[in-house]
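Quick setup: the structure tokens below cover two forms of a single protein chain, split into structure 1 and structure 2.
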Structure 1
């Protein structure tokens, strides 16, 4: 494709010079001139380092082609890889169930309660993970507000506050940030379903669970799947929140291990092998995402 672009641009140079006499050829190459800067930025600053993470993962410390990095990665970090997969899958699952329930509620309910929920839930979407990380650090701390409240309600022993700076806090923060985003997407899908379907189902005696599982979810399967995909993929790659919440403790997510490998050991081979594992974790959903967005035309 780069060659193709280069050829077009070579044509482009002569085209601009002769633009007045040959307006047709100028119009032909105009699209390529316009997309060229954007494509070059992505090729150089994204695609090249992206591909580099694959081949650098096969280069050992001695500079030869080998599987040493993968052997070391699996030896040191196989538990963290499973941890990342587990926390991400759990968070995505909870966020999905929660967001479908809230979206159903917003679709079927009216009144001031539903209206306020419909506005307030959007708040976390706009907050960056670095702010959420600090927020959760203070909220979930051993002496934080959540433990304080649980102790005041006599639900925990005040001398033994619960520890949340682990998979529990991570899952809580992930769901807090991503469930609202899923509600936003799923609500959009639910709005498309005409009231008449729901009324018709009710008239033949369908109860709420049946309306959810037989109408709302099946009719919105693509929307829900895209939401699940986006959330899962972004959580596997999330670095700031696990780094600030769990940091150097173990187990921790792959992203934190990558940062440690780079900052403390300058070990780019293992860091890249870990990176490839994170690509593998999202690969199925990533392919699904790219394919469905291509089918949709992306921009329509």
Structure 2
């Protein structure tokens, strides 16, 4: 290719689009057009119902602005609110500890047993809460499978069985359902940690507890926090399992109380006030999570 031909081509390239005016205004609004459907879905399906529920919690039956619904909620359901918070926090804590232990085993172990555990632990993830509730009613009943098994081992008298249709059974069911979900998330985070860190720790004499507390958990802390947040929020809003296991008793969870106020009394004001307390429970952990992530510079 001669120099003259190269010069002609260069001139031709520089001339392409020289006379075309770029649509700057369209380019500026294009990102807003693309995100508009998603923003509208969030506004209509999430933010508007939330704000409407929050506002109507301050509207009394007479249609005036007051704190009557909150006064009635605290008078009738304050123990249920504390019960919900306590059972949810306890279930999340037990599920977190159990999930970390199983995830550590799956991360550091190989062989048929680890592979089998890695497959079996996922099964409860695909079962809905209503199915879990029916299973737990059969398993935890006064003459259910667990009490019959303990009676066979001469650990209890079957005529005086253990009672699990309370916070104990609720916690057991929550952990049984949500621990596999946490294992899936936390184990995925552990798998992202390079083996060189673990091998280096072993080479300087680190034992298993030190590897867990000094390497695996600190390096996987954001993932663990995500799992804790998701499970806690899910348990606060769970309805079918508490309703089928301890519905009709006292104390019971806030979600069952909301259904009770709406179905039997048509009292949407108190139901909305109970919902606000649920929002507060979830918001505390969500705010803590966001602040922790911002301190770590995840969103920088």
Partner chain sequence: MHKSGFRKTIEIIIFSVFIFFLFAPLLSLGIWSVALRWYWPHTLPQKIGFDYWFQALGITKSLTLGAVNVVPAFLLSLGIAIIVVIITMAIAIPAGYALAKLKIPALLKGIILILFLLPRAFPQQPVFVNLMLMFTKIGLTGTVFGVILVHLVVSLVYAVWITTSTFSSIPPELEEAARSVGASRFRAFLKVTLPISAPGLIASAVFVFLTSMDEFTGTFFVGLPFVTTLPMTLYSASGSNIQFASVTAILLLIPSILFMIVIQKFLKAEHLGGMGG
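Values in this document were obtained by computation on a predicted structure and should not be read as measured data. Under this definition, the rigid core comprises the largest set of C-alpha atoms superposing within 1.5 Å between the forms. Numbering follows the first chain given and starts at 1.
task = Choose between structure 1 and structure 2: indicate the form predicted alone.
result = If we ask which form is the one predicted alone, the answer is structure 2.
message = Could you check, with the core superposed, whether the Cα atom of residue 279 shifts 2 Å or more between structures 1 and 2?
response = No; that C-alpha moves by less than 2 Å between structures 1 and 2.
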